[in-house]
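Shown next as structure tokens: one chain only, the form predicted on its own.
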Amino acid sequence: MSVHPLLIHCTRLEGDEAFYAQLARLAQGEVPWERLLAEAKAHGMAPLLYGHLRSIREAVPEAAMRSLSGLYARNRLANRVRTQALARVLSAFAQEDIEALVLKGGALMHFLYPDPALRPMSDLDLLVRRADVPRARALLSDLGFQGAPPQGQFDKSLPTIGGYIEGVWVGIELHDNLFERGYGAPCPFEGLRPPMRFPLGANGQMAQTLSYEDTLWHLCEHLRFHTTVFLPWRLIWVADIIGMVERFADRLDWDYLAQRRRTVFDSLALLNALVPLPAGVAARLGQAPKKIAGVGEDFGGWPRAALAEQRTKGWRGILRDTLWPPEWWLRMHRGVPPARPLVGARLGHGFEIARWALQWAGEGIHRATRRVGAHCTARWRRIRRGLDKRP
């Protein structure tokens, strides 16, 4: 299913007169506001959507604005609490000579977004040197970050520790590698360009994050890595990337990116089909424009949705959505730029689905075997008890 055009339009962090004129036209059309709000929350876009729509609030139903205003206010409080907690953590790290880089939302909301409340996040991500991990964990424990996140609230691949502050869950993920396990070659702290400093809130404390180039590379790779057959990609990650290239195009070392981070160009070429990039950035991509089918659509087959949930499609529809996903999604998922043929990616996707199917079948057989074994064991125990009671 495609994302609503109004929500895609709002991936730009700031807009001009033409931007808001187009936004007003989109808002005055036939907009399914309830579905749009659900999409905005799922994509992490509710605060940013509110930030744009309040400039044309006369074109938006009052109920929708009230809902978005509440989500924005909640996120503003949460980000204020998380920023204060982050300041405490970084101060404690500095006293112990532990250098840490703030990744993703914890940094972006301060140096990229015009208002920190516009960028939601589920936790704070910190990158430290591998040798410093034990001391960093001990310090976090001393500061009260000891608990696990609420059951089922966050789907995380790395252990998250944290606690409640002013009723807000503040979780921290401690990384010793820029990317998660299973994602290509490792990239530790030492493999990055010199970090960039930014002010952490209004108290004047400074923090460090990745360089502009490594930030853009990390965001592009993060989007691609999390475009999977299990979980949906999120539009807020697109907004991060669009914001970086629009705001810092003149500061980015494009030659370095071309030589060392070439996959950035491939990702930007795909995103350019979804949200047109500035003309200067689009010209740097060096890839001839190509029409891509299914731009903005997500994967809709198995295993994303259980087979029982897809019965209305029929087996032909299920197989189509599972084995022949939208071109734009598949290119993003497999890292295939627009200029390259898609035959290999189609084959690779088929093998991936087959691998998950075999794993699913194996787990099912294992569960069935255990159930049969448990049943036989219980029956044998009942027989033994009966035999033992015979005179």
Partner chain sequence: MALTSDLKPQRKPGFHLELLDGEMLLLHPAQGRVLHCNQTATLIWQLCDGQRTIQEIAALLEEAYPESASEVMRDVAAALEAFCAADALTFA
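Everything numeric here is computed off the predicted structure, so don't read it as measured data. Residue numbers count along the first chain shown, from 1.
Just so it is clear, the following notes concern the form predicted in complex with its partner chain, a form of the same protein that is not shown.
Of these, 256, 164, 183, 198, which has a heavy atom no more than 4.5 Å from its partner chain in the predicted bound form? After the contact test, the surviving option is 164.
Identify, from the list 334, 340, 57, 346, the residue with a heavy atom within 4.5 Å of its partner chain in the predicted bound form. When its partner chain is considered in the predicted bound form, the option within 4.5 Å is 57.
Under a 4.5 Å heavy atom criterion, is residue 69 part of the interface with its partner chain in the predicted bound form? Output for residue 69 is yes: heavy atoms within 4.5 Å of its partner chain.
Is there a heavy atom of residue 73 no more than 4.5 Å from a heavy atom of its partner chain in the predicted bound form? Contact check for residue 73: yes, within 4.5 Å of its partner chain in the predicted bound form.
Does the 4.5 Å heavy atom contact test between residue 226 and its partner chain in the predicted bound form come out positive? No - in the predicted bound form, heavy atoms of residue 226 and its partner chain never come within 4.5 Å of each other.
Residue-level contact is defined here as any heavy atom of the residue lying within 4.5 Å of its partner chain in the predicted bound form; does residue 247 satisfy this criterion? So residue 247 does not count as contacting its partner chain.
Is it true that 111, 238 and 268, all three, sit within 4.5 Å of its partner chain in the predicted bound form, judged by heavy atoms? No: none of 111, 238 and 268 comes within 4.5 Å of its partner chain in the predicted bound form.
In the predicted bound form, which of the stretches 49-57, 353-361, 26-34, 321-329 has residues with heavy atoms within 4.5 Å of its partner chain? Going through the listed ranges, the match is 49-57.
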